[in-house]
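Heads up, the chain below is alone and in the form predicted on its own; it's given as structure tokens.
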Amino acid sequence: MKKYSVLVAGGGSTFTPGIVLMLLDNLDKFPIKELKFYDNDAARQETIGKACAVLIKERAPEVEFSYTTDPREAFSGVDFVMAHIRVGKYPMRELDEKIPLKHGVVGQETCGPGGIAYGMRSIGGVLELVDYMEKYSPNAWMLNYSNPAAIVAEATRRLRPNSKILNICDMPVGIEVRMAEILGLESRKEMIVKYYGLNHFGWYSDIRDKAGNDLMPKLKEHVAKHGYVVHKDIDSQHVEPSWNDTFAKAKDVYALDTNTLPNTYLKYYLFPDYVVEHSNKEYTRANEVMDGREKHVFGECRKIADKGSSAGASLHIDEHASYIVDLARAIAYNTKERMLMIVPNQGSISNFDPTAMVEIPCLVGSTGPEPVQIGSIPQFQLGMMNQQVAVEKLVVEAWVEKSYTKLWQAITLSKTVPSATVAKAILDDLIAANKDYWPELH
């Protein structure tokens, strides 16, 4: 069985140890000969890297491990690049959330003006990684789950149309884990889902078990009462109070269209007034993460590195990350596994823009994803998706053309923003905050 060389781009991320643990846990399914980290922040990466060196030595000493800030060293001789970068890190995320809130608008990492700001930072960073991979390992595949995935996917479609990059998101995985719990199933993989939309902006239209039995009625009954809240805590990544509220609010999103089950992120577009009212302008998700996961993961990594042992450490496998191994395996072994991917529509949703990057089920094999046909979608979803895809396309056009007007249009068109006046005020504040990251707009 061939052993693969894997590069994690974003080696200093708080999610990296969970991915390493998950890869080590799956070596029988996806054998690795070499694991490398790449990051442009040497200090952050070193803290994570030293701890991961200990984990790998304990569990799989035969796997070669290294970390570097040198692109040639990192990207040479790899089969897969797993990319999860955050340009500007958490301090910029905090501004993405707090600047819109100051103007009475949803402050969220990937939705609305905050997501647009983050997208403007992410495009250049992800394109840089794609270019390094094509230069040093032209046959490698990039599995990209850097946010905001919708804007990044549109940018790579338009600016690197022939690159071997697969854009994915683990949020549906988190929702499906909860669905399996609601249904009393062992695993979300016992469900065959039909889903359509854009990233962080979609709907489940059909869910069946392997025998073809319709699971939607039971799920709908639960979601109508409780949203996606389940009784036992099954999901350690998403348990802060703000996440519980998000899972509960799915009940109200569902009420708008009881033929489908919604992605949780739709609450930001359909109930922006509620979200703003329940937001703490002084302490947002970014603060929760910096005070919670960030401190915890870096603290645990320092302990492991200092002791030279992971005994007693409380780093956990990111279940969501198992999705990445499934994707790598699908490509490596041509498994044709059915997975949700972000791909060019090209007629899969027959009444929607063929150039839109849609999130739909695909059968994934060694040549990449083959999208499943969805057919036509209802007017309500179509109207919302047309508006949102226009936002995403305008952001990419603004980045390419360095256009102030197009970015103003993008923010104005977001369903989270009440008017062009408010959009302009937010944009001007975001420009000042992002001067080190965005192209200069004119």
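Here the structure is a predicted model, which means the values were calculated and not measured. In case it trips you up, residue 1 is the first one in the sequence shown, and so on.
In what follows, reference is made to the form predicted together with a small molecule, a form of this protein that is not presented.
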property	result
Candidate spot Y38, G125 and S146, all three touching the small molecule in the model of the complex (heavy atom, 4.5 Å)	yes
In the model of the complex, segment of 38-46, 57-65, 397-405, 23-31 with a heavy atom within 4.5 Å of the small molecule	38-46
Of R293, K98, K164, R188, the one that lies within 4.5 Å of the small molecule in the model of the complex (heavy atoms)	R293
Contacting member of Y136, F271, F352, Y90, with respect to the small molecule in the model of the complex [4.5 Å, heavy atom]	Y90
4.5 angstroms heavy atom contact with the small molecule in the model of the complex for D170	yes
Touches the small molecule in the model of the complex: R157 (any heavy atom, 4.5 Å)	no
Partner contact for E109 in the model of the complex: the small molecule, 4.5 angstroms, heavy atom	yes
Touches the small molecule in the model of the complex: T14 (any heavy atom, 4.5 Å)	yes
